[in-house]
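Only one chain is included here, represented as C-alpha cells and corresponding to the form predicted on its own.
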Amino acid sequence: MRIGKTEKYLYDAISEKGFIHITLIDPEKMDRIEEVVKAAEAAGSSAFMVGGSTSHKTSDYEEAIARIKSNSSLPVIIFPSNVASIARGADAIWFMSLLNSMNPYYIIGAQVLGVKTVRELGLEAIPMAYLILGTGGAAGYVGDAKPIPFEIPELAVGYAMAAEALGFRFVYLEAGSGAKMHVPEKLVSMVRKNISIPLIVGGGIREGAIAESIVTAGADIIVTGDVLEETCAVREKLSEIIEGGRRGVLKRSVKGFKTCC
C-alpha cells in the first residue's frame, strides 16, 4: 500500500522537528472544540486526531471533523474505536489493529467490516499497531484488551517487533485515556531500540517534564487529549507539553540517539 499525503506529512514533520505532538479531540466532548483547535495550532501541535473509546455516533465524528477543519489547516486523522468512527471529511484514518485484544473483532473483524467504507469515502488509510498497557483505562475495557504490564517491557518489545514484521507502519503505546501513570521511559526506550518505524506514545502525558522524558526515551509522536478537557488554559498547557518534547529532542541529540525518520 502506497504512502499517502498525510502519512508523508507525518514522516517529514518528525524528520524536521525530531518529534511531533498530536492533539486528540473526543467527539463526545465538543463544547470547546474551536478553542482547543486554535490553541493547539498556536502552541505548535502538528495534527489532530478525532476519537474516543465510548464515541459511537458517526454524526458526532463528522461534526467534530467539520469544526476542526473550519478552524485549522492541520491534518485531521480519525482514531477509530469501531466502524461507526469512519466518517466523512477527515484527511486520513489510523487503520489500526488492537494487537493485544482478546477479541478477534478488534484485531481484524472491525477492519474487514470497515475497509469498504474507508475506500468509498476516500480516506487515506495509515496502518498502525495499537497496544494497550498498564491498567488500560476505557480503551482497554472497550477493546477487550489484555493490557501489557509496565513492569514487563519485553512483552511490549515483542509485540512492537511483530507489528513491524507484519507490515504496520506505526506503533502506538497507549496507557489508556485518563491514565494516572504514563508509559514508563524504560519501556519506551526498549521498544524504540528494537523497531525502525515511528513510535507513538499516549496516555498520562500531562506535564512538560513527562513529555520531555518520553521524547528523550524515543517517542516520535506524543498524543494528549484528556488533560486539555481539565484546564481552562489550553494553549499554556499545550505549550508546556510541546516545549517539554522539544527539550527531549535536544537531550536525544546530545546522546547521539536517533529515532525513526
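The numbering used is simple: start at 1 and walk along the sequence shown. Because the structure is predicted, anything quoted here is derived from the model rather than measured.
Just so you know, the form predicted together with SN-glycerol-1-phosphate (1GP) exists too; it's not on screen, but the next bit is about it.
Asker: Name the stretch: of 210-218, 31-39, 196-204, 64-72, exactly one has residues whose heavy atoms fall within 4.5 Å of SN-glycerol-1-phosphate (1GP) in the predicted complex.
Answerer: Comparing against SN-glycerol-1-phosphate (1GP) in the predicted complex, the contact stretch is 196-204.
Asker: Val223: heavy atom within 4.5 Å of SN-glycerol-1-phosphate (1GP) in the predicted complex?
Answerer: Yes - in the predicted complex, heavy atoms of Val223 and SN-glycerol-1-phosphate (1GP) come within 4.5 Å of each other.
Asker: Taking SN-glycerol-1-phosphate (1GP) as it sits in the predicted complex, is Thr135 near enough to touch it, meaning that at least one heavy atom pair lies within 4.5 angstroms?
Answerer: Contact with SN-glycerol-1-phosphate (1GP), no.
Asker: In the predicted complex, does Ser189 come within 4.5 Å of SN-glycerol-1-phosphate (1GP), counting heavy atoms only?
Answerer: Although SN-glycerol-1-phosphate (1GP) is absent here, Ser189 would stay clear of it in the predicted complex, with no heavy atoms inside 4.5 Å.
Asker: Does Gly176 reach SN-glycerol-1-phosphate (1GP) in the predicted complex if we count a contact as any heavy atom within 4.5 Å?
Answerer: Gly176 belongs to the contact set for SN-glycerol-1-phosphate (1GP).
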